[in-house]
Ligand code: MLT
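We begin with a single chain expressed as structure tokens, specifically the form predicted on its own.
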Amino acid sequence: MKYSLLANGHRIAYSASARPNSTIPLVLLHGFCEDSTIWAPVLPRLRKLRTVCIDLPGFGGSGQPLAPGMEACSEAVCAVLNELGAERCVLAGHSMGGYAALAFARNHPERLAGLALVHSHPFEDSPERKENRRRGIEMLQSGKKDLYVAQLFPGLFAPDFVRENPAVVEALIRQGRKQPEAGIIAALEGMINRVDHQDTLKTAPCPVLFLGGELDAIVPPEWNLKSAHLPDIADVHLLAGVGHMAMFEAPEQTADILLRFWHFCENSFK
């Protein structure tokens, strides 16, 4: 891992592939209770690109954010791009990483060549989902992080995948338990307080990819379709038999879709 420092001195961990010949990097942001290793299954098929995988504040090797919220994640992306000398990127975010990507799109639209929402959406949390997140915070504060993480990951996959791939789910649970409690709580608070980003998509200066799963219980397919009419240029893919974790459930399809989208975005800026 490499590290970048924000203006406040906090460390952001990231890894970058050794292919600096690509003018526009593909930057990958992980989701909630994850870190950048979540993208490992798709990276082999993206090896011709310059890929950058970031540990968002509070996760993996990155330091804790000064305050919870997607703004801290947005500035972490900006710091890494500055470190790499990249003027713009194609930015892909999985789930919570998509919320961070939307915050970046609002704050730094001039630095985007493309925006990919992978099992993510622009809408504010419903009151019910906010309350569920608050209960999660209470559970974590009561010292039940291991139980919280164990309950989280199985529900992210399609039922058949969980039944046929228990080792994958267990590995993610183990990795999730390594994430700091403070980082998980800050992420939950940030998601509760995040703003609606429909206007961000309406004014997006670049193509937007929506990649979802037909069996996604977290971001239902209709949310992808509802979001797709917002930007001027949209590409929508709903993967059959896939839940909320396409990088594990359909890694080759996911990588190929991201690769084609990157090529489209790069050609748009030539």
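Note that this is a predicted model, so its numbers are computed, not measured. All residue numbers are counted from 1 along the displayed sequence.
There is another form of this protein, the form predicted together with this ligand, and it is not shown here; the text below is about that form.
Colleague: Could you confirm whether Gly31 comes within 4.5 Å of this ligand in the predicted complex, counting heavy atoms only?
Modeller: Within the cut-off, so yes.
Colleague: Spell out, yes or no, whether the shortest heavy atom distance between Leu172 and this ligand in the predicted complex is within 4.5 Å.
Modeller: It does not: once this ligand is placed as it appears in the predicted complex, Leu172 has no heavy atom within 4.5 Å of it.
Colleague: Indicate whether Arg129 is a 4.5 Å heavy atom neighbour of this ligand in the predicted complex.
Modeller: Output for Arg129 is yes: heavy atoms within 4.5 Å of this ligand.
Colleague: With a 4.5 Å heavy atom cut-off, would you call His244 a contact of this ligand in the predicted complex?
Modeller: Contact check for His244: yes, within 4.5 Å of this ligand in the predicted complex.
Colleague: Tell me, which of Cys89, Met96, Val149, Ile185 has a heavy atom within 4.5 angstroms of this ligand in the predicted complex?
Modeller: Here the answer is residue option Met96.
Colleague: Only one of Val80, Met191, Ala72, Ala103 has a non-hydrogen atom within 4.5 angstroms of this ligand in the predicted complex; which is it?
Modeller: Only one option qualifies, and that one is Met191.
Colleague: Can you say which of 57 to 65, 201 to 209, 225 to 233, 31 to 39 gets within 4.5 Å of this ligand in the predicted complex, counting heavy atoms only?
Modeller: Selected stretch: 31 to 39.
Colleague: Considering only 204 to 221, what residues come within 4.5 Å of this ligand in the predicted complex, judged by heavy atoms?
Modeller: Going through 204 to 221 in order - heavy atoms within 4.5 Å of this ligand in the predicted complex - there is one hit, Ile218.
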